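The data below hold one chain only, encoded as structure tokens and taken in the form predicted alone.
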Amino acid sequence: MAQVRLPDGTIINAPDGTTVQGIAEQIGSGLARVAIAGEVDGVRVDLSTAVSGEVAVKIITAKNEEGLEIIRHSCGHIMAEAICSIWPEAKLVYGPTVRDGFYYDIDLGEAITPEDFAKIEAKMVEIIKADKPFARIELGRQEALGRVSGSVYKTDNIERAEGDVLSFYCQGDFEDLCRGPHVPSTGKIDHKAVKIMSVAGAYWHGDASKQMLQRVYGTAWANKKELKAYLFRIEEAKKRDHRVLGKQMDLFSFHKEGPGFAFLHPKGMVIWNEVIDYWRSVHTKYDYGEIKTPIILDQGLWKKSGHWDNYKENMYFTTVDDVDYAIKPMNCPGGLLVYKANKHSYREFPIRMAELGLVHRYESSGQLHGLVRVRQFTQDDAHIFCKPDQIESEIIGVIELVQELYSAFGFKDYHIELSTMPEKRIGSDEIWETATAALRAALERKGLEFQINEGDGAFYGPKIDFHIEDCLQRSWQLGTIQLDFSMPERFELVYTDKDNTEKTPVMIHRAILGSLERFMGILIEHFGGNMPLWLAPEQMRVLPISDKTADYADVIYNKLRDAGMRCTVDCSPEKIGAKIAKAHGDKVGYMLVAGPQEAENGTVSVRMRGSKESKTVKIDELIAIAKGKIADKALELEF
């Protein structure tokens, strides 16, 4: 008999050889109807998989995130079959799932265009309605190679695959190399919740010297309602595209003379400086000292730090007076040299050094994307030097700083990942284990939930990553905390301990906002350009109704400027309705209408951005309200 442990700890017995589908039926007919796959001892499997002995089983449905991924994976096969049905000469390459969807790379002499999406979708609906079972076939490597004979792409996939046994999945007459799992049949997918999204070019294996393929993207959801919500978010994202809003609001620009290098305009610098001013105030509160290190440093330094062996393909180099230099991709070696400039005692610890460091990293031109993917950016870095017994408290302090900073920008929903030892690394396995355990202990002490991200640590140490979620439920990786025992040893950093012996400090690398350019792009999209008052490039605009109140408008303007408000006056001959509409379009926080009645009473009629209603207040009252909102980092304009 099989002893099956369910996720809630319940143990059920079933005959050896019972399938995962059979386990679902034993749990309940309702669950069996909606089951699409399973998980046996942590490994995802088809419902047809048999179990025996003592095993842990989880039934996966479309309500699970894993279930959606399996649905999308199966949809990739359905789309591939549809494309091959329409274009029999199409050659399949590979088709993985991605966030919110899937794609398949196709080698086809004829271009697939958006006009073709409808017929691909129609063929997919036909395949789904046919309710074709997904059948798994397992073969030895040589048999598998024989089965794909003639396909250079599938042969390459098999040669790159691990293991001696490979699997194929068939849905009717269509067959594809795949490790699975899949839904039990195509009919398990809601045909109303599937859509082809786009097509783009992609080089085979990402190598520009190889064949150019067509990458067809699709999305799939549990039901039509979820698809509709997703498509709404996509349309909203287009409206909030920071590249469009940046031009519309005159915040920044890019030029062919410096691809991947952002040019910030005066209004963009307002947002930039407000973010930095707040960042500095919080770091002062948490006892950080700010440093500044050079952008160009001797190439030998980067060899010593380990960046040369692990990161040189992303670096820029130059030569000065026959000496080879590297333009820094990270700030840490400079921070190490600042530490080495003086002798240190255990009494000084922890030493917290923050830097808004300008770094350069190579990105291919195809990867560049506005402010969020650039070649030059400012990293809000910091390095903490401490004793081993201070690690946990220092990590907790950084976590609390992260929480305070993010909440000011309205980011309260985020998830945390603990990334472990990567293949390319420096330092012993023992050091890595010690460092990883320390990060885990700090997270557990704070009572924070986190996921393990195996093998994704920095080359010098494990890390904690913070992924925020914006208003469109998109995830962005921002903050990172990295624990490093190796680099201080490489640079021979020491401090005098209480027993008068020299010891090596522990180094904590951390960034909170990450790239400031990228964070600015995220903010613009999160708020749709409608920045909170404390970040708004133009907080107020005075709108005189006519030339008769122009002098009063200047009085208002001067009082606001003297109070530190960022404001302008619209002296154009336009009617007041047009002025208000323009101010709304320019994302101005408060529109201050100045008419004869307001001039007589010493008031202004305040129209808030996004509202059709007005409030009449005294100028000094408005200033007090605005200052309060700015001081509180309020996200809303209403008062």
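Just so we're on the same page, rigid core means the largest C-alpha set that superposes within 1.5 Å between forms. Since the model is a prediction, treat every value here as computed from it, not as a measurement. Note that residue numbering follows the sequence shown and begins at 1.
This protein has a second form, the form predicted in complex with the RNA, left out of what is shown; the following refers to that one.
Scanning K559, R474, K503, H283 against the RNA in the predicted complex with a 4.5 Å heavy atom cut-off leaves one residue, R474. Just one of D547, E454, D389, D429 comes within 4.5 Å of the RNA in the predicted complex, counting any heavy atom, and that one is D547. Using a 4.5 Å heavy atom cutoff, T113, S515 and K575 all lie near the RNA in the predicted complex. With the partner omitted here, the stretch from 331 to 339, 133 to 141, 212 to 220, 389 to 397 that lies within 4.5 Å of the RNA by heavy atoms in the predicted complex is 212 to 220.
Contact annotation for V55: none of its heavy atoms lies within 4.5 Å of the RNA in the predicted complex.
Taking the partner from elsewhere, Y362 is found to have a heavy atom lying within 4.5 Å of the RNA in the predicted complex.
Mapping the unseen interface onto this chain, V34 falls outside it, with no heavy atom inside 4.5 Å of the RNA in the predicted complex. At least one heavy atom of S614 is located within 4.5 Å of the RNA in the predicted complex. Taking the RNA as positioned in the predicted complex, the residues of 364 to 385 that bring a heavy atom within 4.5 Å of it are, in sequence order, S364, S365, G366, Q367, L368, H369, G370, V372, R373, V374, F377, Q379. Comparing the forms between this form and the one not shown, the C-alpha position of D207 differs by 2 angstroms or more, with the core used for superposition. Once both forms are fitted on their rigid core, the CA atom of M565 lies less than 2 Å apart between this form and the one not shown. Between A458 and V98, the Cα distance is greater in the predicted complex than in this structure, by no less than 3 angstroms. The Cα-Cα distance between A458 and D207 is shortened by 3 Å or more in the predicted complex relative to the form shown here.
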